[in-house]
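Consider the single chain below, provided in structure tokens and representing the form predicted alone.
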């Protein structure tokens, strides 16, 4: 047997022992409220991050179709000929939306964090990251070569202690957090974090990928925001917003931007149309949040800060069984397991969308209550 296959077999056996094998499940219409598998079975989905339903919006779909007249692909990186004029339109919208001077679009949210963090930080610098920060933020920190310290989730005493102990060890310092944490749906105490950043002369990077509501005012001279076009905006890609000077620097230094093929025109047009809808219509976000609040209240869970409600179960196998039992009832709710979440906190993660109706959420509530009766 080839050595590489032997390695893979051993690694797969270890993953299987710990209930951590991942499989890809082919689904149609994965961004909508309903999904269909390869056998034609339909499921009411509470898995999608398309919180506002904009991937299905007629204006968004229409914009993508119209842009297909340009080209199916970009053909090159942005610096080498792939910088379609729609980029400028979208980046102007993003800067206006986040009330910053400038924005830059990346190939994905993952690539945005990877490129921004590794461009801003380097050997001799120090990064402080919330324990539950997304994998792409931690990967960016590792790639940068900076020293990484992690503080307890949303614990300001822990962050302050880390800053007190390690801030002077780095020339530059960066505090990283998500505005809304993707697996727990809770909000970071951004005002308090910004105060500590000011006190300890640190920069602040906030990932806003899952945020549906306005953030508190943060110091513009030390804050940079990274986000995605693939969740609430229903398209694809990532972005960073900040001062014009910082964006100019990143445009010449973020390797995941410099060496990635540009996004296709249809994707840019869809994101631009979706952002245009979101900026003038608050109803979808309110509807998604109301669904999440109603679902959480039915199980006496804390009021959610986002359209994400986790139901922590514990062991991996138990979470997988719960997912399959709900699937048998016609619901698709993903089981989230380590390493995505800490060991012993495997869960069902419910994503509520403006595409869901009140009756859909009520059916789900009843199914989950029966599951755990």
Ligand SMILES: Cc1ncc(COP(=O)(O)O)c(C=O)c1O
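Predicted model, so just to flag it, every value in this text is computed and none were measured. Positions refer to the first chain, counted from 1.
Keep in mind that the form predicted together with the ligand is not shown, yet the notes after this line are about it.
Student: Taking the ligand as it sits in the predicted bound form, is residue 209 near enough to touch it, meaning that at least one heavy atom pair lies within 4.5 angstroms?
Tutor: Residue 209: contacts the ligand in the predicted bound form.
Student: Counting only non-hydrogen atoms and a 4.5 angstroms cut-off, does residue 87 reach the ligand in the predicted bound form?
Tutor: No, no contact at 4.5 Å.
Student: Test of understanding: in the predicted bound form, would residue 136 fall inside 4.5 Å of the ligand by heavy atoms?
Tutor: Yes, residue 136 sits close enough to the ligand in the predicted bound form that at least one of its heavy atoms falls within 4.5 Å.
Student: I'd like to know if residue 178 sits close to the ligand in the predicted bound form, meaning any non-hydrogen atom pair within 4.5 angstroms.
Tutor: Flag for residue 178 set to yes.
Student: Can you check 229-237, 153-161, 294-302, 122-130 and let me know which stretch has heavy atoms within 4.5 Å of the ligand in the predicted bound form?
Tutor: Going by heavy atoms within 4.5 Å, the stretch is 229-237.
Student: Taking the ligand in the predicted bound form as the reference, which of 223, 182, 272, 256 has a non-hydrogen atom within 4.5 Å?
Tutor: The residue in contact is 182.
Student: To verify the annotation, which of these, 260, 147, 108, 93, has a non-hydrogen atom within 4.5 Å of the ligand in the predicted bound form?
Tutor: Answer to the contact question: 108.
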